[in-house]
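One chain is shown next in structure tokens, namely the form predicted alone.
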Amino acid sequence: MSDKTVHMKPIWYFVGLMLLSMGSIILLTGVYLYFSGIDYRTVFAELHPNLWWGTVMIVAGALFFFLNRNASE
């Protein structure tokens, strides 16, 4: 028998990774659209929701990721 123990990562670790990656894509898209001057028409486009939601998703993803990266130990 082996004394090797397997530590599994909690689901919130992977949720944090997903939020970080998707938030980064949304934020970078928002930065590109803000500085490129491309005129796009969506609801509340003047509020730049992709900048806000990208930032919120990155902060939430970072919290989930860093709080749960060593949770199984």
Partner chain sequence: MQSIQLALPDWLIIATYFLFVLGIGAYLKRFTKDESDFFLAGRRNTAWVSGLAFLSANLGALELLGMTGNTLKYGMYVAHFYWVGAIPAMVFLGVYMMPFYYSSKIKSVPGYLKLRFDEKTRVLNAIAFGVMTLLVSGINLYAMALVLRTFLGWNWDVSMWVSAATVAAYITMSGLLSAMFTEIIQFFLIWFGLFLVAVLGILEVGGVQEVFARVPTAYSALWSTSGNAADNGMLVTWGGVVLGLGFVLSFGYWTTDFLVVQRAMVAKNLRAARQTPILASFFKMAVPFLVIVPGLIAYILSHDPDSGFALLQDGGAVNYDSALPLLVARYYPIGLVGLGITALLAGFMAGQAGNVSAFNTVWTYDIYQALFKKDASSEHLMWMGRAATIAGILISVVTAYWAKSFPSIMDYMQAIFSWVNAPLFATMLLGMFVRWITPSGAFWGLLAGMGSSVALFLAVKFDWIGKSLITLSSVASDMAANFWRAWWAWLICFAVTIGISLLTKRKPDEELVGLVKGLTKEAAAAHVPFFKTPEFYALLSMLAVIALNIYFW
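This structure is a prediction, so every number in the text was calculated from the model and none was measured. Numbering follows the first chain given and starts at 1.
Omitted from view is the form predicted together with the partner chain, to which the following refers.
Residue contact with the partner chain in the predicted bound form: Leu33 places a heavy atom within 4.5 Å of it.
At the 4.5 Å threshold, heavy atoms of Ala60 reach the partner chain in the predicted bound form. Applying a 4.5 Å heavy atom cutoff to the partner chain in the predicted bound form picks out Ile11, Trp12, Phe14, Val15, Leu17, Met18, Leu19, Ser21, Met22, Ile25 from 11-25, in order along the sequence.
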